[in-house]
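Provided below as structure tokens are two forms of one protein chain, presented individually as structure 1 and structure 2.
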Structure 1
């Protein structure tokens, strides 16, 4: 029986990571493409998933047996705060259309991508899979967070009422090739990479906002991609699964900035602007459940410095075609 995998949001950071892994890992391995598999990576230009009819036509075209659902309306802090209803409503529409159409087409498995922002603002750390619904998410992104939480509720309802095999993954801070490097909306690592590149190009100081002390768990998009492929083939629980490096692999913003400076080859003035806010000091997530499940697969996380260097080299090679926003 052929396996037809549809990846929504397939042209973004994680989707491109999955495509890279599928094509570059050894065929028929734990993470490489297997005989009888066909993979389809689609972006928003092919279908507006907020539209039920367009979603249905997409499924009719590709006839997927499996879906990795990455598509979402995403944005930085300011966009999330300014457009809470857009982030709530658009993501509810996207997720409901994908899940219900997958149910109607009798798709064997759907894995949806959530985010650690679904967790309560006030919660005991480390985060784990049992704590998603224990309180309200942070006010700044409550539209996006509530829409993503609903995916977990929907997965459980489809399983309970129809026996559908729908589940979800919760990555921590993802980075890698094909990231969003637009400094207006980028997350911390791609923003640091782009800013450092411009400092080198323009011979200006590289200034990092904040003290550099906060800690984050960064996961390389190509490592995350392997874990999505593994989940697709092996994970059949409705319970969400955190996909992250361990708490012992937290990296400070200063360590990240130092690594960016080395990878970019920047030798100019480099300092921290401590008048700028740091944000949350740390929000560690436990990957104990994940490590127990993948212990026999040979999976290993790429060392942070190596993954960052690969990301920087990709950015430098593809600067003119990368998502960089307005020319600087």
Structure 2
């Protein structure tokens, strides 16, 4: 049986992580490409998924049997705070078009991508798969968070009424090669890597935004990619699945910034701009369910410092083609 996997958002951080894994892991292994599989990694230049007709044309072209749906308007804290309606509307349009077209084309499985920032801001920790809808998300990203929560509701409705095998993954903060390094819209690690690189190059102070006190869990895009490949082949429940490093891997933004300073080799002045927002203080996620499911696959997380170093080396090698925003 031929398997045709369409990866929407295939040109982004997570999508390129999956393409790297499929091309570099041993063929027919747990995470490598399997005989009879074809993988298609698409970006917005092929189809604007906010547009229903363009979405249909894309499915007619690739006739996918399986979809990993990653495409989204994505950004860090400050982008979310500045564009709550865009993050709500764009993602609702993209998700509804992809899920309904997948339903009409009788796609065998769709895995969509939520985020741990969709969880309620005030809930008993750690976060697990049962707590998504138990309260309002953090103020800073309620647009994105509600659009993403709706995917879980849509999956359940398609399953209930038509039996569609639609499910979702819930990653924590992701980092790695091919990320968005534009300091205005990026997430914290790519923003700090870019800013620290410029501070070293221009001999200027390295400034971290906020107090440095918030806590985060960071998963390497190439580790997350393996878990998406595993889910595609082995996970058939509508229940979302958290894809994260352990709770004990939670680090402060200060510790993350220290690791960036070390990876970039910066020795100059380093300070915090506390006029900038801290956002949600923490969103500690449990990966207990995941570890139980992948215990026989030999999967292991890449140590943070090694993953960060690989990301910095990729950034330095690809600075001229990377997403860096306005030239500095």
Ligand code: GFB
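We call the rigid core the largest set of C-alpha positions that still match within 1.5 Å between the two forms. Positions refer to the first chain, counted from 1. Model, not experiment: these values are computed from the prediction.
Enquirer: Two copies of the same chain, shown separately. Which of them is the form predicted on its own?
Expert: Comparing the pair, one sees that structure 1 is the form predicted on its own and the remaining one is not.
Enquirer: Has the Cα of residue 212 moved 2 Å or more between the two structures, judged after a core fit?
Expert: It does, since the residue 212 C-alpha is displaced 2 Å or more between the two structures after the core fit.
Enquirer: Using a superposition on the rigid core, decide whether the Cα position of residue 254 changes by 2 angstroms or more between the two structures.
Expert: Yes, the C-alpha position differs by at least 2 Å between the two structures.
Enquirer: Given a core-based superposition, decide whether the C-alpha of residue 267 shifts by 2 Å or more between the two structures.
Expert: After core superposition, the displacement of the residue 267 C-alpha between the two structures reaches the 2 Å mark, so yes.
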